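Given as structure tokens, the chain that follows is alone and in the form predicted on its own.
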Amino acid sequence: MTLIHLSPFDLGLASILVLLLAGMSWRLRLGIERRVLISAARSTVQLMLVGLVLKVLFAQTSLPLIGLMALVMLSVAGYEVMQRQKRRYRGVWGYGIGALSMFLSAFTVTLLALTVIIGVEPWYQPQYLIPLLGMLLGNTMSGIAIALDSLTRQAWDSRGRIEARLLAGGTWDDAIEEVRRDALRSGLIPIINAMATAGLVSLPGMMTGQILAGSPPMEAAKYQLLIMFLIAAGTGLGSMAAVWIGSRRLFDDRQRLRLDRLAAANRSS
């Protein structure tokens, strides 16, 4: 089976559906037609640019260039994590917690997969590294953003109960344990649901892409399983790191709750 190449005309036909969606939004006065069109335009430009960059990387297999692209991906993901929080941390912590947690989890799991599980030579082969890292960063980003948002929201709402536990002699770890557990659960639920319904409700993205490209269905299924296991591990490790660092940041060295380290509620979240 050969890959069917899409022409600009084919993509133009598909874009009509997006224009139709924007028109429906305008007709129903939803007020999101501008965002729909901007998002579609951004995705078009971003994906075309990524395609050109990957074409260069695949031809050269240059470690410095691959490292630069991975750094850009991490930087953007860290910014997105910060933007998705209603009550974000002040200062560099607002960006640093998410970025550091994704670096520790997504990069570690990707390196493990490339060197131990898949056994790519060299390990920084862009055909494997960039797609794997992209999928891990994208899903880990969502899990960490949800977990951190849940942590800060619940800490703010439960501040009376947390301070009561501190006054009763509890440590900061004991006082926020319940909030931290709920935040971790929130961050992990999406990937757990995705694994539970994979193949029944929908075919996951990587498996669909490989099948469309002509790969045997069983081989595509095995690669998709690998990706889902890696994403689950990356999301879990990243969420745990982010929630632990974030919860520790909410208390000072004297075990006092410091909600002043959170910025005012971001109404756009």
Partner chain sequence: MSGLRLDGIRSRALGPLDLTVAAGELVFVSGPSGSGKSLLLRAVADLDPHEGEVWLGEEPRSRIAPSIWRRRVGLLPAEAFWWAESVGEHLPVIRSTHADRAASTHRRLLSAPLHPAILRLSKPFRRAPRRVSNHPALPDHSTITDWLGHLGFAPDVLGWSVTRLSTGERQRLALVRLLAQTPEALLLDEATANLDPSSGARVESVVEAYRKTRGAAVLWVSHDPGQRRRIGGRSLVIRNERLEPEA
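Just so you know, these numbers come straight off a predicted model, no measurement behind them. Residue numbers count along the first chain shown, from 1.
Keep in mind that the form predicted together with the partner chain is not shown, yet the notes after this line are about it.
For the residues Val116, Leu167, Val92, Ala196, the 4.5 Å heavy atom test against the partner chain in the model of the complex is passed only by Leu167. Residue-level contacts in the model of the complex: of Gln127, Thr108, Thr171, Ser75, one residue has a heavy atom within 4.5 Å of the partner chain, and it is Thr171.
Proximity of Asp149, Asp182 and Arg249 to the partner chain in the model of the complex is absent: no residue of the three has a non-hydrogen atom within 4.5 angstroms.
None of 188 to 196, 172 to 180, 79 to 87, 139 to 147 except one has non-hydrogen atoms within 4.5 angstroms of the partner chain in the model of the complex; the exception is 172 to 180. By the criterion of a heavy atom within 4.5 Å, Ser15 is excluded from the residues contacting the partner chain in the model of the complex. Residues Arg159, Gly160, Arg161, Glu163, Ala164, Arg165 are the ones in 148 to 165 with at least one heavy atom within 4.5 Å of the partner chain in the model of the complex, listed in sequence order.
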